[in-house]
Structure formats: C-alpha cells, structure tokens
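To begin, one chain is listed below as structure tokens, in the form predicted on its own.
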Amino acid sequence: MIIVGEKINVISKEIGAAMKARDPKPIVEMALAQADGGANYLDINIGPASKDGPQLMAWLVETVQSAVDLPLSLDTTNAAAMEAGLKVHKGQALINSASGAPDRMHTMLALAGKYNANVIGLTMTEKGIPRDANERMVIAYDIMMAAAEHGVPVENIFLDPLILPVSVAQNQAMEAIEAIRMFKQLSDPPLKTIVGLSNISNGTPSETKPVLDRVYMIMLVEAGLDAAIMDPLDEELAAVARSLPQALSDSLDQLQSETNLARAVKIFQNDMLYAHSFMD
C-alpha cells in the first residue's frame, strides 16, 4: 500500500500560517514526522493559491525535499503553480490532480506528459461527482484516453473514485468500492487506484473515525486499492496500511468477530443505517 501523507495542507492553521510567512520550521517538522510514520509520498496542498501560487509551490517543494528524500504529491488547481513545483521537484512527482472536466483534464495531463509525472485522475466532471460506479468508469476511460494523447503511460495514472462521507452519502461507499474493481479492468497492465481515505469519516464523531477508516481501507484494498492519501501519524491506521495486503484475509475475518468493526462493514454494505451512535 502506497501511503501519501496528507498533513502539509494550507487549511491547517499552523501549516497555513507557515506557508504564508515562508517559515520552513513547522513544514519541515511535519514532513519529517510523516516520513517517520511510513509515508511514501508527501502531499503538498496549497489550494487554488491565486495570488503567489507559483512562488509558494516552488518554495515548498524545495523546502520539503531538502529535509526528506521522498517524492511529493503536488496538490493545487493552479496550473502555473503546479508547473512551478514540477520544475524544481527532484525525482518523479505526483500531480494531484486531473479530472474529467475537459479544461482541467487536458491542462494537468499535458503537464504530466511534459514532466514525466504520475497523475491522479479524479472521476468527476464539471457537473460534479457521478451517481454510481458505471458513471465513474466512463470518466475513468475518458481520462485514460486523454492521457494517451498527452504521452502519459498507463503506469503513471492513479484513478480516484472520490470518496464521500458515509454520514451524508452512505450508498456511495459501495459505489466507490465497485468503481475500484472496475478501474482495474480498464487496461493491461491495470491502472493504479487511490483515494482520499479520511473523506469517508468526515463529519463523524472522533471516536468512530478510526473504526470507519480502518474498515473501509480493508474493504478498498480487497477491491484492488493501491494507494491512500491519509494521516501517517495515526499509528494504528498506518500499521494497517503497511500490513496490507498480506494480512488482508486475516483482517477481514477479524471484522466479523469484532462488534464495532462488524457494524461498520454492515454500514458500508448498506445492511445497516449509519448513525453517529452506531458503536454504542
């Protein structure tokens, strides 16, 4: 399992302030902590960064890679900022992200081809997130075809089915899992798959998040998941990620015997209605 550390994010109060002030200390400390937690990539999320995006992204890439020997996931909708980061990145970067919306798709895939970068393809369009796995599959095919136009090989593509919070879109949990299975049938060799794992438990009580995240990760990996954007500082979750897929069958057996985990499985399979109190 490829772990993409999610903690260098402009929405974080401390990290966001450090980005604005160009203070490397909190950013380097977070990068080192995530590397120690087993991250294989570090996500550098600057958001739209409409004012000084290129300068900020280039500074962040150089700052982080001076401290850790890891490739980075460059996370912004600002194409100029994305290219500025790619120009100074050491090794093969991960572009986070292209999508099925034509402008964004072709802009980001062109950069992936130009800089030989890996790229995440979000299976959504300008109309929003699809209703089911079949609609996600159509967008995934469009992304794969557009990638070929821009010289991006299939082995450089990570497809993201887009995870929605179980607390507000419970039926979408299994649609995303089914989409992972379908994506694996698109090409030979199969395209890689990735999710933003913490989205599944977004908005749920703090005590339920670890259970939901752990169970859903196991179900996703069973369907063919290759990578997750997640918190590597969560030691229990990171341990599960590092043990997969070797311990997958044992983990699935355990889910059936542990009450809270078994309830989470039923929720994701739509056999039980989600409630914040499901662990009580």
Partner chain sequence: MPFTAPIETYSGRIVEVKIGVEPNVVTLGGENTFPLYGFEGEVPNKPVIAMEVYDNNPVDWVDAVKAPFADVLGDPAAWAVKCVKEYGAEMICLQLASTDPNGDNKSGDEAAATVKKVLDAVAVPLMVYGTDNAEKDSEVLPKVAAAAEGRNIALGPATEDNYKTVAAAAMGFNHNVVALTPCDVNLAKQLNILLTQLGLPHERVIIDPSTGALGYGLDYTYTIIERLKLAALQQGDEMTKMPVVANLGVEVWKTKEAKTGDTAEWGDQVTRAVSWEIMTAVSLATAGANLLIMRHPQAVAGVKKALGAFFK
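Since the model is a prediction, treat every value here as computed from it, not as a measurement. Residue numbers count along the first chain shown, from 1.
One more form of this protein exists, namely the form predicted in complex with its partner chain; it is left out here, but the text below deals with it.
Its partner chain is not shown here, but in the model of the complex it comes within 4.5 Å of a heavy atom of residue 272. For the chain shown alone, residue 170 is a contact residue for its partner chain in the model of the complex, at least one non-hydrogen atom being within 4.5 angstroms. Screening 73 to 81, 162 to 170, 125 to 133, 101 to 109 for residues having heavy atoms within 4.5 Å of its partner chain in the model of the complex returns a single hit, 162 to 170.
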